[in-house]
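Here you get one chain, nothing else, as structure tokens; it is the form predicted on its own.
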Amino acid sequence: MECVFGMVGKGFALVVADSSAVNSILVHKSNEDKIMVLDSHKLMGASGEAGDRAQFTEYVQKNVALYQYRNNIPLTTKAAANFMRGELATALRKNPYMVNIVLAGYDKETGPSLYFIDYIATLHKVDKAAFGYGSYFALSMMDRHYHPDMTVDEAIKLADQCIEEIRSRLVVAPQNFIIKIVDQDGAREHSWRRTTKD
């Protein structure tokens, strides 16, 4: 029962993901970090099959780093999103990755941005996005309470409301969540929301 969601505020973008590694009726671990730091100013939250998620996110991370190494300039968030979309579209006709992406980034020229990329290579720039069973509740909470000029504190409060709604309404709800933020100071972990220990 995975859940990844994100939103853009005033000068920052935020990504939240559950931290459970689940297969069928078994919980293998409850501290899996599903939000990868692509570079200094990009975060990629991913949901999907564990193997596909790990392989695709690492592949993207290494290729973003390779581009920066070869060209001495980092990819913009939009360029990284289009690279991911292209790779998913190519794989779709061969051996598809069952992975959904919420990409958040901060660029000096354009500020914060958030991209929704699903397993069939659909790409949209959005203000808020969610994947997984928890998305039904997270999206409804964000539809009601989100506004584009949110401060970090307001966004964290809304993320906490989404997490609480997921925990109380979803039958098999994830217990632990991680919150990461990207802004002009870079991508970083903000906090964990835990109900179970490692």
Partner chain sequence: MSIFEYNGSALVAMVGKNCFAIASDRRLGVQLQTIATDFQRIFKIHDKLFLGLSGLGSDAQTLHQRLVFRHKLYQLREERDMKPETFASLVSAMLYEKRFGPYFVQPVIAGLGEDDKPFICTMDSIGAKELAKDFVVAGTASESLYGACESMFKPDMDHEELFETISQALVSSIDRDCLSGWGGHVYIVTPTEVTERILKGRMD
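For clarity, every value in this text was computed on a predicted model and none was experimentally measured. Residue numbers count along the first chain shown, from 1.
One more form of this protein should be noted, the form predicted in complex with the partner chain, which is absent from this view; the next part is about it.
Mapping the unseen interface onto this chain, residue 121 counts among the residues with a heavy atom inside 4.5 Å of the partner chain in the predicted complex. With a 4.5 Å cutoff on heavy atoms, residue 98 does not count as touching the partner chain in the predicted complex; it lies far away. Using a 4.5 Å cutoff between non-hydrogen atoms, residue 61 does not count as a contact of the partner chain in the predicted complex. For residue 79, no non-hydrogen atom is located within 4.5 Å of the partner chain in the predicted complex, even though that partner is not displayed. Screening 22 to 30, 48 to 56, 154 to 162, 135 to 143 for residues having heavy atoms within 4.5 Å of the partner chain in the predicted complex returns a single hit, 135 to 143.
Contacts with the partner chain in the predicted complex, taken as any heavy atom within 4.5 Å, map within 86 to 102 to 89, 92, 93.
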